[in-house]
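First, one chain by itself: the form predicted on its own, in C-alpha cells.
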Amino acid sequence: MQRHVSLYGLTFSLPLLIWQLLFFVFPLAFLVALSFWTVKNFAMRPDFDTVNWVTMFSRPVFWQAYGTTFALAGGAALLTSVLAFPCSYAIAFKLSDTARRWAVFLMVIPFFTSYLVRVYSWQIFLSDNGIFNVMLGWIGLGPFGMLNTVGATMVGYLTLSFPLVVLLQLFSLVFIDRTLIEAAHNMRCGRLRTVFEVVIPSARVGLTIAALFCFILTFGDFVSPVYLGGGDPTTLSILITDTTKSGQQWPRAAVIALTMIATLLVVAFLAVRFAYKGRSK
C-alpha cells in the first residue's frame, strides 16, 4: 500500500525532527569529529588522527573503568528490578483503584526534588557520625564505614532509579489479563508459581524495559559514584572528568563518551530484542 505524506502530518512531526537534529544528531556528529582532533600545547587542533582512540583503548585504566561501570550498572539494574517487583506487584494486584492512584502519586513525588539534593541527604545518613551509625551506637554496634563504598554508590543508584522502575513495572502489570491468573489458580497453581510462570512472562516487556532504563541511568551517572562512592572505583563518567582536567584532553573524553553511547545502544538493542522475542508481529 502506498502511503501519502500530508502537510498536516509534516507540520506536527517537524518540531520533533528539529529537536532531534539540534540536540542529538548534530551534537553526536560533533562528538565523533572531536574524537579525531589532537591537543598540542593545551590547544585543540581539528586534525583527523586516530591517536585518541588508540591511546584510550590501549590503557588498562580505561578497560578497568569500563568493566566497573558495566558491572555497577548491571548490578543496579538487577537489584532495583528485584526490589521494585514486590512493590509494583502489590500496587497492581493488592490495592484498590483509589489506593493505586495514591501509590503512583507517591512514586512521582521523589522527582519533584533534585537528585543531587537527595544524594547529599544520604551523606548525612551514611557518614561515620551519621544517623545510621548513631542509631547502631545505641545498641552497641559500629561505627561502620558506609560512605565512600560501593554499597553507598548502590544506594544512590536506587535513589535515582527505584521510583521509575516501579512505575514502569506497574504499567506493565496492570494490563495483564486477570483470567490467566484465575486459570492458573483453578489448576491448583500456587501463588509463587503463578507469579513466575504467568505474571512475569506476561509482563516481560515492561520488566525488561524497566531494567533497561535503570541500566541506562546508572551507566552514565556521575553523582553517586563521586559523592557517595568517593570516586573509587573509577567509573567512565569519572574518567571523562579526569581526562578533561588532564591537559584539556577533550578529544580523548569524546572517545570515552562515544564508547558509552555505543555500549548503551547495543544493550538497548539486545534488551528490546529479548523483550519482544517470540511475540507475534
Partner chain sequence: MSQISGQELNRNRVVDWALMVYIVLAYAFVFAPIAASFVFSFNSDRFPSIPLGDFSLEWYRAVAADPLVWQGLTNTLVIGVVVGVVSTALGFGAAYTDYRYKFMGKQVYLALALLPPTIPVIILGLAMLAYLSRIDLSGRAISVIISHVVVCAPFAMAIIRLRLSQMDPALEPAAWNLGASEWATMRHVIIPFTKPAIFGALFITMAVSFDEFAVAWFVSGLNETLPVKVLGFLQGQVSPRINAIGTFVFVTSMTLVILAQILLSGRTAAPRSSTVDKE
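Not measured: the values here are computed from a predicted model. Numbering follows the first chain given and starts at 1. The term rigid core refers to the maximal set of C-alpha atoms that superpose within 1.5 Å between the two forms.
The next section is about a form of this same protein that is not shown, the form predicted in complex with the partner chain.
A.B. asks: Looking in the predicted complex, is the partner chain within 4.5 Å of a heavy atom from each of V39, W63 and L72?
C.D. replies: Zero of three within 4.5 Å in the predicted complex.
A.B. asks: Even though the partner isn't displayed, in the predicted complex is G137 close enough to the partner chain, meaning a heavy atom within 4.5 Å?
C.D. replies: No, G137 is distant from the partner.
A.B. asks: Residue-level contact is defined here as any heavy atom of the residue lying within 4.5 Å of the partner chain in the predicted complex; does R188 satisfy this criterion?
C.D. replies: Taking the distances in the predicted complex, the answer for R188 is yes, it comes within 4.5 Å of the partner chain.
A.B. asks: F213 versus the partner chain, in the predicted complex: is there a non-hydrogen atom within 4.5 Å?
C.D. replies: Taking the distances in the predicted complex, the answer for F213 is yes, it comes within 4.5 Å of the partner chain.
A.B. asks: Would you please decide whether P233 lies within 4.5 angstroms of the partner chain in the predicted complex, comparing each non-hydrogen atom pair?
C.D. replies: Residue-level check for P233: no, no contact with the partner chain.
A.B. asks: Report the residue, out of V205, I200, L180, L106, that has at least one non-hydrogen atom within 4.5 angstroms of the partner chain in the predicted complex.
C.D. replies: Going through each option in turn, the one that passes is L106.
A.B. asks: May I ask you to choose, among M146, L173, L158, I209, the residue with a heavy atom within 4.5 Å of the partner chain in the predicted complex?
C.D. replies: It is L158 that has a heavy atom within 4.5 Å of the partner.
A.B. asks: Taking the partner chain in the predicted complex, which residues of 121-141 have any heavy atom within 4.5 Å of it?
C.D. replies: Result: S121, W122, Q123, I124, F125, N129, G130, I131, V134, M135, W138.
A.B. asks: Spell out whether the Cα of F269 moves at least 2 Å between the shown form and the other one when the two forms are superposed on their rigid core.
C.D. replies: Moves: no, less than 2 Å.
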